[in-house]
Ligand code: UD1
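Encoded as structure tokens, the following chain is the form predicted on its own, with no partner shown.
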Amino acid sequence: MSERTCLSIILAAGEGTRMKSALPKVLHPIAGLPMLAHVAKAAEAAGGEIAVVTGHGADEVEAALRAFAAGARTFRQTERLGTAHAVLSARPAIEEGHDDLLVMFGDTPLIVAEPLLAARARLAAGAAVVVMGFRTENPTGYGRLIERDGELAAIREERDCSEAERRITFSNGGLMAIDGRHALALLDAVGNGNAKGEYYLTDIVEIARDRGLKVVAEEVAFENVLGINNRVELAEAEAIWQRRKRRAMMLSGVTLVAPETVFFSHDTEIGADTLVEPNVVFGPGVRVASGAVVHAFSHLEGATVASGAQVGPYARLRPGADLWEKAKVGNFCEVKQAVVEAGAKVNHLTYIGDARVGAGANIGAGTITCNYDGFSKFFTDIGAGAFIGSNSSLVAPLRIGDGAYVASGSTVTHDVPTDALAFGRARQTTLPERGKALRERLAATKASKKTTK
């Protein structure tokens, strides 16, 4: 298989008006990645080059492609004249003479490499056209795949089916593999004599058979060819993708206490023996090493969590958060663009942003790194073994030395040397009996308001 060259043509020209969105349909995300990117990843894994046919929102689609499939070539379908016409929009790529041609759709984000490789194997074994189909107990609305003697005889649209053919459950999934030696000739032979005056890709089945070429159907799981046309189907596809990812995570050695409540991004990486409690969300760019614990109701994005570290419950790690071995970020804490070094603890109700928390340091409840003045961000450096008392405000730029103490309730605006003790709070004043007098005055004021109503 590896010696055969392959071209994957991904059709991404449809408007998808039922999405009711200004965003092109194929750019709507599944697990944080555009649908089109999922298809491109599957095509890449199946081998060969990628060509994308764009139409509606072409500029946006092509710009997005550069981010996740920089090597893909793009071709524009300026008129919407059917699927065969769309494929021929990539004629220059087809003319290069690849052994295999895969035709895919940008709105089928659940496709994976295995069925594509299986279709390519059928081409290598002598088929000229391979149509990917699925079986369903309710085939209503789908074209039927009619087989005879182990080959595909026809794709029959439901409206044209006989009563016997309507009972066929093997349905057309749309995706197709074509022998590169015959691809252009078959595509050029497609006519537009149908009611819509369009050029249908499915017509090449009959054309190929009339020319004595072998046409076969390859059965795939329905999920692989599930097309997305509206927000309901988008949510259904997201649910399927998440179910697949959860299963893969657990089989790789990750414990998910309540799998159905955990949500992953397309690029989430988690090491074996990590425990993930219920209601955790992993946004893009998260890497968690082996043996970490992510407690319930935590949200991680763009963060790195080392072995033995703990997150949450109810913690938020924002982009740039980097927890080293056995570090802890506890409940109702937020960390952004900051390193929490080995064994350091940020346990309660705390914000650490644009900072370093040194190894073994302890950050008390209610501590805030004041890192933003409305225009620029500033850095706070907290040394190893430092102790920051509860309800402290650390006004950056600031350096707290190794082993230093900051007294609770302090506002610290100047550097604190190594092993020093810093107080940054006003002197307490206590006035005897004044509390009682204040309480009586406030009670009288409240009572007078009631009598005047």
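Throughout, we count residues from 1 along the sequence that is shown. Keep in mind it's a predicted model, so treat the numbers as computed, not measured.
Beyond the structure shown, there is the form predicted in complex with the named molecule, which is absent from this document and is the topic of what follows.
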| property | result |
| --- | --- |
| 4.5 angstroms heavy atom contact with the named molecule in the predicted complex for T202 | yes |
| Partner proximity in the predicted complex: Y351 to the named molecule, non-hydrogen atom cutoff 4.5 Å | no |
| 4.5 angstroms heavy atom contact with the named molecule in the predicted complex for E236 | no |
| The named molecule contact in the predicted complex: D107, any heavy atom under 4.5 Å | yes |
| Residue among G364, G174, G283, G383 with a heavy atom within 4.5 Å of the named molecule in the predicted complex | G174 |
| G330, G358, P115, G82 - the one with a heavy atom within 4.5 Å of the named molecule in the predicted complex | G82 |
| The named molecule in the predicted complex: contacting segment from 166 to 174, 245 to 253, 262 to 270, 336 to 344, heavy atom within 4.5 Å | 166 to 174 |
| Site check A86, Y142 and E157: each within 4.5 Å of the named molecule in the predicted complex by heavy atom | yes |
